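Shown below, as structure tokens, is a lone chain in the form predicted on its own; questions about how it binds or moves come after it.
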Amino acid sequence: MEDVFSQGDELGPLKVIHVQEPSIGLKATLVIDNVALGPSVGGVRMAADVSTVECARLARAMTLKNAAAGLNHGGGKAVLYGDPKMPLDKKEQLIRGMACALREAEQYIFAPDMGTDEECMAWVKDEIGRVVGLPCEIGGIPLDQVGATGWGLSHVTEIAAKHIGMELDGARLVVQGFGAVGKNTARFLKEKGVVLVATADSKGTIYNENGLDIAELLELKKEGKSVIESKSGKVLEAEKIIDVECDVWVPAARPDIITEKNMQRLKTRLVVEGANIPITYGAEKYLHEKGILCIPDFIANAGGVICAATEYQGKCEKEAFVAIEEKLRANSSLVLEKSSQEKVLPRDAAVAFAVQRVKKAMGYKRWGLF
């Protein structure tokens, strides 16, 4: 995807807001990309190495994701500079400070993302009230806890596997990033007979060609430990996760994990993008030409935002899961059909129909972007 922040295009971004409060060490950026379909929804990502450009790219991905999912929401994203594992009281101070600083940015609805969770969103609610992904105790559907994104990814994987004639029962799975998205994807796919042979976190990769013990891995993460402490596999360097041969490869961590520099190393039949912008366009094109099917991020991982939108409407978890399953199965089938018929990348097919909906909504506005 092009750098929409520096380039800009007919869809946005509408606003870029920088927040800084040196007295508490607060530095953050909000990008509201497009709100033609409604107020923007997008998570707050916290990491030491985030950037405005990354934020803008993620905000555009949310515009496409929300449009493709048929939601009445535009795309936005916020990034907060800092180590998400900092002391909890310090993290709370930064989250609350960020929420207060963005109180007037009413076109943006806060949501959890990498480095933030339901507790963080509870702090936002206490400050400004404009948030989704809340703990169930205060009326939310904790999308990471229930595994909304992973639930959606499991259904997208099933549709994509059928498209290429692959049986999921016994299929070998690799998950790059065993966090909220990755662990729940592995958990739901296990119910379909898929075997997790490798996974990774920031500390390293754990691998077993005969299958890893998912229950053990889940318990390790619950205790705040790394997957490499598992007794069910062999430890490899974190970056070696790319080299593990498999049938389904799910990137579920940071952006740009697969690029033109390492795309030749991937040995799989199917890539289902659990993270946002995890593979560059050039790498996706290369993999497509090699016969590896890639389901783009904003189609595959929309379960979380569908859950968030369902919560925003005051509906329950059961309704959210039904909506996720229906929308993502239908969207995956549509994208794969258009890709085959028009002989284009699945991403190109997906972008075309998402952009069409955004542009139609923009046509009803006095000024297209808002």
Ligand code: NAD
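Throughout, we count residues from 1 along the sequence that is shown. No experiment lies behind these values; they were computed from the predicted model shown. In this text, the rigid core denotes the largest set of C-alpha atoms whose superposition between the two forms falls within 1.5 Å.
Just so you know, the form predicted in complex with the ligand exists too; it's not on screen, but the next bit is about it.
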* Structure fact -> Students should find that, of Val124, Val181, Ala111, Ile299, the residue having a non-hydrogen atom no more than 4.5 angstroms from the ligand in the predicted bound form is Val181
* To do: Answer with one of Ile295, Met98, Ala200, Ala186: the residue that has a non-hydrogen atom within 4.5 Å of the ligand in the predicted bound form.
  => Ala200
* Structure fact -> In contact with the ligand in the predicted bound form (heavy atoms, 4.5 Å), from 271-279, 163-171, 125-133, 285-293, is stretch 271-279
* Asked: Is there a heavy atom of Ile214 lying 4.5 Å or less from a heavy atom of the ligand in the predicted bound form?
  -> no
* Asked: Does any heavy atom of Asp144 come within 4.5 Å of a heavy atom of the ligand in the predicted bound form?
  -> yes
* Quick one: does Met86 come within 4.5 Å of the ligand in the predicted bound form, counting heavy atoms only? -> no
* To do: Please check if Gly74 has a heavy atom lying within 4.5 Å of any heavy atom of the ligand in the predicted bound form.
  => no
* Would you check whether the ligand, in the predicted bound form, lies within 4.5 angstroms of a non-hydrogen atom from each of Leu37, Asn66 and Gly152? => no
* Structure fact -> Taking the ligand in the predicted bound form and a 4.5 Å non-hydrogen atom cutoff, the residues of 31-51 making contact are Arg45
* **Core-aligned CA displacement of Lys77 at least 2 Å between this form and the one not shown** => yes
* Asked: By the 2 angstroms cut-off, has the C-alpha of Cys307 moved between this form and the one not shown once the rigid core is superposed?
  -> no
* So with the core overlaid, does the Cα of Ile324 end up 2 Å or more away between this form and the one not shown? -> no
